[in-house]
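A lone chain, given as structure tokens: the form predicted alone.
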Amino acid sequence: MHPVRRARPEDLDQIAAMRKLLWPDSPFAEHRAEAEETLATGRNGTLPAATFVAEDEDCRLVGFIEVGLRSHADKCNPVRPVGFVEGWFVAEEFREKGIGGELMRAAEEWCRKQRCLEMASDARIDNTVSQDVHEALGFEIVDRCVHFRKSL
């Protein structure tokens, strides 16, 4: 079992490195600044947020989950805020060991304490591994979408 706990300021560099692996298009400094802001304020924008981390036996971080409140999410009750998984990552060599589930349970408990009755999340349409893991942990697919943009 890998301990899961609330993230602390001394975790920032390791969290930023994992965020960079999850979202490679953004620079490390941006990931660190965003993580630092969430840890310092307990917010993502104007709504409450939290980050949880999993450690190995050497106290190295091997995963994280960022969860926050949103005013709404697809197919969730629109009259209540919903817990939303903003980011969820487990280092490749530690996958399939239950760490992702432990992180999700910590996020779920945090959401319950925020009086949420539902949680939501998203995954890229081509990320079938993430979709499978979400479903294995009780999430249901509520929509599939392709987004467009056009420069004017």
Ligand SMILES: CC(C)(COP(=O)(O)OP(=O)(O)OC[C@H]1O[C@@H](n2cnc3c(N)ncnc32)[C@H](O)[C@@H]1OP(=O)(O)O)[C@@H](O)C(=O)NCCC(=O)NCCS
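Counting begins at 1, following the sequence as shown. Predicted model only: the values in this text are computed from it and were never measured.
Heads up, the form predicted in complex with the ligand isn't pictured, but that's what we're talking about next.
- Every residue of the trio L22, G101 and V133 has some heavy atom no more than 4.5 Å from the ligand in the predicted complex.
- At the 4.5 Å threshold, heavy atoms of F84 stay clear of the ligand in the predicted complex, well away from it.
- Looking at N127, you'd find a heavy atom of it within 4.5 angstroms of the ligand in the predicted complex.
- At a distance threshold of 4.5 angstroms between non-hydrogen atoms, L137 is in contact with the ligand in the predicted complex.
- Taking the partner from elsewhere, E108 is found to have every heavy atom lying beyond 4.5 Å of the ligand in the predicted complex.
- Residues within 4.5 angstroms of the ligand in the predicted complex, judged by any non-hydrogen atom, belong to 87 to 95 and to none of the other stretches in 29 to 37, 87 to 95, 110 to 118, 45 to 53.
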